[in-house]
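Let's start with one chain on its own, the form predicted alone, as structure tokens.
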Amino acid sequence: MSRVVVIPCEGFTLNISEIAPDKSISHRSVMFAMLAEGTSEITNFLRAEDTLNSLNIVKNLGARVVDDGVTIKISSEGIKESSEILDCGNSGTGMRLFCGLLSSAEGHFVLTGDEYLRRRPMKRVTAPLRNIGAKLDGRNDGDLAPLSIRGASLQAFNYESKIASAQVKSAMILAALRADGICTYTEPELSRDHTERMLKGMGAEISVDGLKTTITPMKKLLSPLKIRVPADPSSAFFFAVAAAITPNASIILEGVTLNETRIEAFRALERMGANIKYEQTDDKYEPIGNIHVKYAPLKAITVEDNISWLIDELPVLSIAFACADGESIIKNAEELRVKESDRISTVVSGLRACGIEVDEYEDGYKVKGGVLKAAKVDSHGDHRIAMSFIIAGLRCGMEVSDLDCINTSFPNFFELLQKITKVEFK
């Protein structure tokens, strides 16, 4: 499947309970099971390429995995050296978190990924880990995969990160759990907090005071994880934007995590004028509920705060900008340039192809709302770029190429899309 043509849509009313399970929580659930005594049980695990790669890595590290197609049970007697190269596929989350998890494990480990992941910078994780004693190296002085890790004794640390990154924070927290003393991690703004929530739920001594996280090393193995992975708000947001830009459209997105660090993009869409309501139904490891979205005329906004909370959703939020009245601006989003593609460049070029006026900056861009026009857009192997411009096609029609990447995060995306409109595969 190399190309898809999307037919414009005139409106829809839909309830979706099949949004892809949360990718971030799925990755973490199988990794954290390696730190537990007993059997962890995970249901509603995201069965996508990236997360299945993490599950396979856990198997290669010695975990016993029983999967009946509904529940994944993971038991571990500690991390074992693997004779296999550990393939993270397209996942920066997987690679960066495994760096933290394996830095103190006995043995030698090699992490690699696909051609896109091998281009992404890793020094933001490898450098602070090296500073506390990790024996970690790779191409370009440890900045590019493949990465080589030889487990070592790690020193306690007080680390002040210059970037708000849940991946960096999570890697350092995992390292801290096996360090030789109490550690602190401080970030410039609060990034996503799934790691802290989940590990605390398993019994880890982790406390958060504003932007400072304090971690006490494990004295014993943690309690096993018993979790149902909620729907991914980053995936759900594609269909939220679909409803927000399509006249006579409304949608209910069921079973989504309502964690405040994960729904910032929905808050931004609210500020643009979209009609959005939240209905909480559960709160164990994560607050979970339903999100209702109805079409309303959109107005331009500036997005410059809490960027780490909506970094993944910015490409499709930019489609909403293109449909809004006025000039919307993204600032402080340099992180977009080191994702699966340079998302500033790919968003800008894609919108310009659709007839939208865009000014590009080093840390973002300005979008002048207008009338989207049908175009041909190349995803550059980036799943979020591909899905964003497919959603744009609901307004104007669109041809998007290089689609295999969508399977890394949202395998049933097209199945759900076809409940809204017709698509033609070429």
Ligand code: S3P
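Just count from 1 along the sequence shown to find any residue number. Keep in mind that what you see is a predicted model, and the values were worked out from it rather than measured.
Below: the form predicted together with the named molecule, not depicted.
The three marked residues, 41, 197 and 228, fail to reach the named molecule in the predicted bound form, with no heavy atom of any inside 4.5 Å. Only one of 165, 76, 328, 104 lies close to the named molecule in the predicted bound form, with a heavy atom inside 4.5 Å, and it is 165. Contact annotation: of the candidates 118, 124, 292, 130, the single residue with a non-hydrogen atom within 4.5 angstroms of the named molecule in the predicted bound form is 124.
When the named molecule is considered in the predicted bound form, residue 28 lines it closely, a heavy atom lying within 4.5 Å. In the predicted bound form, the named molecule sits within 4.5 Å of a heavy atom of residue 24.
In the predicted bound form, residue 312 approaches the named molecule with a heavy atom inside 4.5 Å. For residue 150, no non-hydrogen atom is located within 4.5 Å of the named molecule in the predicted bound form, even though that partner is not displayed. Residues with any non-hydrogen atom within 4.5 angstroms of the named molecule in the predicted bound form fall in just one of 249 to 257, 157 to 165, 276 to 284, 139 to 147: 157 to 165. Along 170 to 199, a single residue, 192, places a heavy atom within 4.5 Å of the named molecule in the predicted bound form.
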